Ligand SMILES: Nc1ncnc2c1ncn2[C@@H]1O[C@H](COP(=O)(O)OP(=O)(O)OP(=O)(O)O)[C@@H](O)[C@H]1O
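Below you will find one chain, with nothing else, as structure tokens; this is the form predicted on its own, and questions on how it binds or moves follow later.
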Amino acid sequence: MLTKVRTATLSGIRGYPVTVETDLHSGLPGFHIVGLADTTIKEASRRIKPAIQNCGGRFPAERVTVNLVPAGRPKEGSHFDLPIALGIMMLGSEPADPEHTAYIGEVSLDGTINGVRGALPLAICLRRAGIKNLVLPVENAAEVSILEDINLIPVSHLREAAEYAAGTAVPGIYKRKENAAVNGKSNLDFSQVIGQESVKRAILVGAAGNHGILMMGSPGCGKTMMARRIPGILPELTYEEKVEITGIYSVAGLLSPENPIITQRPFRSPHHNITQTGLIGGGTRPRPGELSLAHRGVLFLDEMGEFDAKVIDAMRQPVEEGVIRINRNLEEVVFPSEVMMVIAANPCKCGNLWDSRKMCTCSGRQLENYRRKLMGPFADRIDIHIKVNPVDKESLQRYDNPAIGMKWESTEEMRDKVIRARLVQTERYAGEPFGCNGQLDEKGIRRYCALDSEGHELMMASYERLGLSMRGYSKILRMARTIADIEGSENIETDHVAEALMYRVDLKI
């Protein structure tokens, strides 16, 4: 007797269809799972037998063999419990609509179906494989409901799933709740930032073209305050981006019943003691790190000078390419990492180097080591370098004097400028492999970042005087293109080049 049940497995954040074949034949009682299953799946035999018996079912006394097809691809996850259990319970009969129905879920000893990680990526791959009905744990129904073209049948007990598979129960299709995807709005606003107009302008340029930004200044001058407000000026997530980011958080196990769908751009701020695996991702069973959790959003590295040098160096390739490649178990796992990199750092170890009111206590050797970490190859991959000075006395007086009524530029005003610039880029790059100026490759730079003769002369002079690398030269052209888009100019003018050059001046330590 042979039964086939459809399910899927994960490799990183991508899913692959799997068919669970269950065969019963005479011989000594046994339960064998083959097909490159991991330990979690092989342990299913110890969970499934008592679960079936506690549901009033009969576990076969013959030899049971479970084959996971395709046999050559590694498989992992407790979500294989449900399809394996149903394969055994349905021996001798065929599940309802086997070609268009799939099952995922973890089974407890009493038959309860528990939620699993990665339900959304699993559902996406099954939908692509032609699945129309997905039986899944009740806990995962809200997150998967973001998909609009697949029927979700949530179950809380093995008995319910068995009745549906046997065709003896009418399926209850999950209806998405409108308020299930509402995330709390942030009350952080750039109008709360006193002064720092030049820094806010640099942040505006970075957000408009998806350029990374390095802010360096004394402690307490507002670097962290401004960084936390950057997600508010970024465009809203598209439907495809919501699905993509929610899938990443599902694999990481970071979705909550209150917010089962990610609707706001991520903002991740890892502590400086984070490990390379925590930041990049990986592990025995590769899981996304902070770089992937910040995908399509902001990754903020506060106090960058305190991060381990090896951790910083590990970010070079992911930041440049927008993907992280990890080789595990004879296969490559790919995590996305298209982030707006925002970095804050003090000018020295004690933070007082640029403060005329305080004395720097760092030795020459300490300053050199600190500079080597901050201004090395990784910093060269960050587009914008900006010095953050303490708030000047005049700005503070204007803020404290109600009679003047000084109002700083708000998040809404900045977001409007960012959205207008992004719309220009979306139209310009329609059909191209890049979507914004910060992602332009060399071919795109030559085509879309042409300079007039005066701008070209300025760039040539700056290339020699500033000692720019070719990477730095290209980044200036990308930023000049973004500044032109913000100003509504079709062509890059000399003023746009001059402003872009301001953001690549070496920050002397």
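Here the structure is a predicted model, which means the values were calculated and not measured. We number the residues from 1 along the sequence you see.
Another form, the form predicted together with the ligand, is not on view; read the next lines as being about it.
Partner-proximal stretch of 211-219, 155-163, 132-140, 317-325 relative to the ligand in the model of the complex, 4.5 angstroms, heavy atom: Comparing against the ligand in the model of the complex, the contact stretch is 211-219.
Contact test, all of Gln192, Gln196 and Asn346, partner the ligand in the model of the complex, heavy atom 4.5 Å: Result yes, every residue of the spot touches the ligand.
Residue (of His79, His295, Lys75, Lys223) lying close to the ligand in the model of the complex, criterion heavy atoms within 4.5 Å: Partner contact (heavy atom, 4.5 Å) among the options: Lys223.
Partner-contacting position among Val391, Ile274, Ala252, Leu109 - heavy atom within 4.5 Å of the ligand in the model of the complex: For this set of options, the contacting one is Val391.
Close approach of Glu99 to the ligand in the model of the complex, 4.5 Å, heavy atom: No, Glu99 stays farther than 4.5 Å from the ligand in the model of the complex.
The ligand contact in the model of the complex: Glu303, any heavy atom under 4.5 Å: Glu303: contacts the ligand in the model of the complex.
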